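To begin, one chain is listed below as structure tokens, in the form predicted alone.
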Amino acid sequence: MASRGATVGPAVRSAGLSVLVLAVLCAVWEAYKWIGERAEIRWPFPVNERTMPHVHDMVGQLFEPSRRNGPLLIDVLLDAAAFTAKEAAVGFVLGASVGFLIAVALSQSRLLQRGFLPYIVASQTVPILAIAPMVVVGLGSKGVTGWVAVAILAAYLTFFPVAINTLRGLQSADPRALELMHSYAASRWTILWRLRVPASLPYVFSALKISATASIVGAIIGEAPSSIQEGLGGAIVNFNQYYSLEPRNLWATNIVAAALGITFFLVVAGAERVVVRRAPENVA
């Protein structure tokens, strides 16, 4: 019971702190809007109902019809978020797996690191908007469905932080433990899975939390060139056309997209608490 209380206590404090920070951010938003409208602030953007709607208006818009006699906007966006979540989840798993395997391969050879690491870094300098049409068209010609192509684009943003952080984690094993393993004539495979991988777990999960949110961004961006209307990317493109007339729909969509990213982050953070706590060095 004491252990459960020790676990629940920090979780409640963390949730309370998150709510407090959210309340402060909303208060800052409203205060800047109030000051900006009266001071007629024009830089970096004019402060008005279009550029900065009230927080309660954006949230309230979720519970208004998305169109005349249509379903509520929240229902439309939740369906879109579920579709985007499917793309992002597949891309996240694919990208994380590829990134982890790349890190394992590079950790076994300094020559591989020197030869391939610069190209891995360079791959992230290519804007996703530039490669998205090529991926979609190229895979579409092979009969691959649009959402799978979007998942691959999400994987493109996911693999890099996992590869770099995992490589650093695999190289962070205690030198004394490495010497001990070598003294017992342990194989590379044994050293990798019994020593290097457990030591890399904090680094891996730090990368996974970054990649979880990046996969959402990749999926949303990838939906536009894929002409996919079912996801949040399609909703953003659609509401962006009417932004000057009804900006609250677009802002409400942004709120749902942010909530989806936070959900992915929290899932990975929860998995980290379970896996890292059960790592051999923490169980002993």
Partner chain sequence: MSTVVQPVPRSFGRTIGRRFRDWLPALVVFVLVLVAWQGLVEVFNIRQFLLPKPTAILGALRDNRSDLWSAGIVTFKEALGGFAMGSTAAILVALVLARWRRVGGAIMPYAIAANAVPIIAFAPITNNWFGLLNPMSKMVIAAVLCFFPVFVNTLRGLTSVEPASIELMRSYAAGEIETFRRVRIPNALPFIFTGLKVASVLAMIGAVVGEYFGGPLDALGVVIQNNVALFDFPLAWAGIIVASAFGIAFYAAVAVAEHFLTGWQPAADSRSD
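Positions refer to the first chain, counted from 1. In this text, rigid core is short for the largest set of C-alphas that superpose within 1.5 Å between two forms. In this text the structure is predicted, and so the values were computed from the model without any measurement.
Note that the form predicted in complex with its partner chain isn't included here; everything after this is about it.
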message: Check for me: heavy atom within 4.5 Å of its partner chain in the predicted complex, for each of F116, P133 and L250, yes or no.
response: yes
query: Residues in which of 117 to 125, 75 to 83, 174 to 182, 99 to 107 have heavy atoms within 4.5 Å of its partner chain in the predicted complex?
result: 117 to 125
field: is_contact(A23, its partner chain) in the predicted complex, heavy atom dist at most 4.5 Å
entry: no
- prompt: Does its partner chain come within 4.5 Å of any heavy atom of W34 in the predicted complex?
  reply: no
message: Is N254 near its partner chain? Define near as a heavy atom within 4.5 Å, in the predicted complex.
response: yes
V275: touches its partner chain in the predicted complex, heavy atom cutoff 4.5 angstroms: no
query: Since the partner is left out here, which residues of 236 to 273 would have a heavy atom within 4.5 Å of its partner chain in the predicted complex?
result: I236, V237, N240, Y243, L250, W251, N254, A257, A258, G261, I262, F265
query: Superposing on the rigid core, does the Cα of S226 end up 2 Å or more away between this form and the one not shown?
result: yes
message: Could you check, with the core superposed, whether the Cα atom of V237 shifts 2 Å or more between this form and the one not shown?
response: no
Threshold 2 Å Cα movement between this form and the one not shown for I255, core superposed: no
